[in-house]
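Just the one chain here, the form predicted on its own, laid out as structure tokens.
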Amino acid sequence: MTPCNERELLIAVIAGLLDGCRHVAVGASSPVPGSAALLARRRTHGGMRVSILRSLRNNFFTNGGVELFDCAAQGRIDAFFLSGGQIDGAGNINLVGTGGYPRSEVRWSGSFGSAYLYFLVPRVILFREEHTRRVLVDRVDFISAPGTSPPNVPRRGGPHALVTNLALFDFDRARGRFALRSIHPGHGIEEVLDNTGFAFDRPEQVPSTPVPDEATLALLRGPIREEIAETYPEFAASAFAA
């Protein structure tokens, strides 16, 4: 079988972070996390609920974000995905822009419900395909959603992991910082260090991220491609190896 490409690897990595989840929700413009959630559901033989916004087949919500927020408040969502124009070493994300707010030099889409969901969903996976120092910064310019909170602030949700095109990081909530779990094949520790703007923990020998096996690739290039095409047809046509 053809070796996996970068996006297939990322989908498999994220799917592995969803073990044990009962309900995984996926927001808008998230084809890689959406594919990962569908793959994770396949592995449970349909035992996991997947809600992909804007999907007709994989979305039981009838009022979009309103019901998503209600489910999160009721503790009925186990995992969600967030990204940001900037992400820092404390798990803070910035979806507003760079420079001094409100006169930001660059403006992005806005925070929407990121801070709300960050506090309520137990397993929030941060995902960004660009791993550079302009994205992974020492300190975000604006905190759209904080990665940590003071001890007296009730909070059951927060960052669980960070997945990029170079590596996989776990987030240690007690210490409020990331730890490098593995580096994707074809990349090395110096490349990760050179392109990360924040400090992180790492083992002396960093493992290589496992590549998906043939059974997983067959699922990705068959049923998962077909399922995700309902919401993201262009992604499905280009993201999977022939």
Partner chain sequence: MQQLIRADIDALVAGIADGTRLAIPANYAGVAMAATAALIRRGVRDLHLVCLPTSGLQADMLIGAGAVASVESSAVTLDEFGTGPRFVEAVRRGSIRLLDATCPAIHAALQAAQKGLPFMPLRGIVGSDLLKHRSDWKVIDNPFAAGEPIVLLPAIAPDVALFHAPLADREGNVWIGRRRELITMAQASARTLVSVERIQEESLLDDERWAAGTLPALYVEGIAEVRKGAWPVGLWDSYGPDGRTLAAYVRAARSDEGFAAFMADFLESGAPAEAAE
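Positions refer to the first chain, counted from 1. Everything numeric here is computed off the predicted structure, so don't read it as measured data.
Just so it is clear, the following notes concern the form predicted in complex with the partner chain, a form of the same protein that is not shown.
Peer 1: Hey, with the partner chain in the predicted complex, do Phe171, Ala179 and Ser182 all fall inside the 4.5 Å heavy atom range?
Peer 2: Not a single residue of the candidate spot has a heavy atom within 4.5 Å of the partner chain in the predicted complex.
Peer 1: Going by a heavy atom distance of 4.5 Å, is Ser83 a contact of the partner chain in the predicted complex?
Peer 2: Residue-level check for Ser83: no, no contact with the partner chain.
Peer 1: Contact with the partner chain in the predicted complex for Ile143, defined as at least one heavy atom pair within 4.5 Å: yes or no?
Peer 2: Ile143: yes, in contact with the partner chain in the predicted complex.
Peer 1: Considering non-hydrogen atoms and a 4.5 Å limit, does the partner chain approach Phe198 in the predicted complex?
Peer 2: No, Phe198 stays farther than 4.5 Å from the partner chain in the predicted complex.
Peer 1: Would you check, heavy atoms only and a 4.5 Å threshold, whether Gly188 touches the partner chain in the predicted complex?
Peer 2: Contact check for Gly188: no, nothing within 4.5 Å of the partner chain in the predicted complex.
Peer 1: Of 74-82, 126-134, 163-171, 102-110, which is the one stretch near the partner chain in the predicted complex, taking non-hydrogen atoms within 4.5 angstroms as near?
Peer 2: It is 102-110 that comes within 4.5 Å of the partner.
Peer 1: Can you name the residues of 55-77 that have a heavy atom within 4.5 Å of the partner chain in the predicted complex?
Peer 2: If the 4.5 Å heavy-atom criterion is applied to the partner chain in the predicted complex, 55-77 yields Leu56, Asn59, Phe60, Phe61, Thr62, Asn63, Gly64, Gly65, Val66, Phe69.
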